[in-house]
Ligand SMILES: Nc1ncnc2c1ncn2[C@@H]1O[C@H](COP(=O)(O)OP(=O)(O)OP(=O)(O)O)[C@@H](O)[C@H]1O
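The chain below stands alone, shown as structure tokens; this is the form predicted on its own.
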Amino acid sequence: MSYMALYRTWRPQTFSEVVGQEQTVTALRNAVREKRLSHAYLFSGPRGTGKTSIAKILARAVNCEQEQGGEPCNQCSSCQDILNDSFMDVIEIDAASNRGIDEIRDLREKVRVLPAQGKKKVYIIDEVHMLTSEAFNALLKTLEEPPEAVIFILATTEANKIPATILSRCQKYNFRRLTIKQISSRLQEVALQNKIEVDEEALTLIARRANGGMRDALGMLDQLTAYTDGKIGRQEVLNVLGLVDDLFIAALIDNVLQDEIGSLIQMLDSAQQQGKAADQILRETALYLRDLLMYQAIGEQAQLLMVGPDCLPQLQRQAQKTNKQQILNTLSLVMDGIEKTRFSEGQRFILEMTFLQMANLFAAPASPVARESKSTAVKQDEQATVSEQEKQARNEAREILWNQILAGVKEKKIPTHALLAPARLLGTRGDTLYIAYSKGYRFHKDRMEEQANKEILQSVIYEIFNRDMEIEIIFLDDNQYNDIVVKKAIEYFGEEIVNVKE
């Protein structure tokens, strides 16, 4: 028999096996037991928290021939067929790849057919927020007048994208992230059953990295098991998952507080050379700063998420050198850096600029004597250098992203690429991407705004950003500043960026 991944092997088979979603499980079990089932459910929450698993348990429970107390028996022919994905009346649909109106129309026609095998026909629509507006409208008609023997289970990670008309016709269940304790406890059980040697500190690290998702945690344990032949310890987890430990982050913060820019950049460079991702370093820094803030606020009673016993003395010393406002400002800066790394290819520059700005934040109010000892000329040189580095980082990141967009468009249609090539990327703001043509390319701009060419560009942007974005194509002529969209672009990106020269 072929090997099955741990997250599949350990997928819960009954409501009682589900970890961390007690309120949802209780409500659904009672609904099955008392035969008070809704025709439509909406499961929303972060990935890996049990939405699809519970949907499948519910599908078995409503079709089970020997259901007891709201739980499926998993022994009868109906339960076995559903477990083997051979039950005709449980239909799973991936809305990410079946998002159009034609697929939903087909569903509407089939939904009227009575169940062939079981008591209820169950449709599980995963990532339902990916459906188009037209598809949602078609689905709405079915939800308004549902057949008696049909149950819809809609699952999504982005409930805010579901139309209100759909939401109002569903029973809504919000799935929360699992706690570190819940995940590490489950991992310990899995490790024991599979004879995997792993220490408690390693389990805690995996649980923290999983960010509340049990599936991610089991996937990481699987990866670590393949990587090491012996016992899995803290260092193995750090190496395989690309994490940085609390002592490393503490040393970074020490350099930030002491304004040791050379040592700071050297440490960041060393981490990058070892394959540590820039966004992960920033995430770990955010966790460390959170612990620093909590310790400063309530001392020994603080529940620390990252800092261990070996690192605690450094945390205590740093808490005496900083104040709450400094840490809050720095946390905001780090979170902004994390957001920027999501959509930028120039992650290293963003990482370095974030830590340089952190050093400025801590230095400003903390050491007036040291600041006064530096000459005005030196300070201006440093500020100019940082400003130039930031500008260079933004320009390089923008250029890399634009080349990526052009390459994607060229793969899909060469004539569209030829129309887009003379333009340049100004940047992104929220869910809008701004592109500009300079004077003399009116024909190219007009053709790019045609539906067929714009759809090709939008599809490439969706592949890169993994989300839909609006596209504003700007034409800069002699009267550029009279255009309201151009004015917005100038406000967002600055006149030196928007002023595209021939």
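Here the structure is a predicted model, which means the values were calculated and not measured. When you see a residue number, it is the position in the sequence shown, counting from 1.
There is another form of this protein, the form predicted together with this ligand, and it is not shown here; the text below is about that form.
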**Message:** Using a 4.5 Å heavy atom cut-off, which residue among R215, R398, R169, R283 comes into contact with this ligand in the model of the complex?
**Reply:** R215
**Prompt:** Does each of P12, T49 and L178 have at least one heavy atom within 4.5 Å of this ligand in the model of the complex?
**Reply:** yes
**Request:** Look up in the model of the complex whether Q21 has a non-hydrogen atom within 4.5 angstroms of this ligand, and give yes or no.
**Result:** yes
**Message:** With a cut-off of 4.5 Å between heavy atoms, is R186 one of the residues that contacts this ligand in the model of the complex?
**Reply:** yes
**Message:** Even though the partner isn't displayed, in the model of the complex is T225 close enough to this ligand, meaning a heavy atom within 4.5 Å?
**Reply:** no
**Message:** Taking any heavy atom pair closer than or equal to 4.5 Å as contact, tell me whether N329 reaches this ligand in the model of the complex.
**Reply:** no
**Message:** Looking at 63 to 71, 433 to 441, 463 to 471, 49 to 57, which stretch has residues with any non-hydrogen atom within 4.5 Å of this ligand in the model of the complex?
**Reply:** 49 to 57
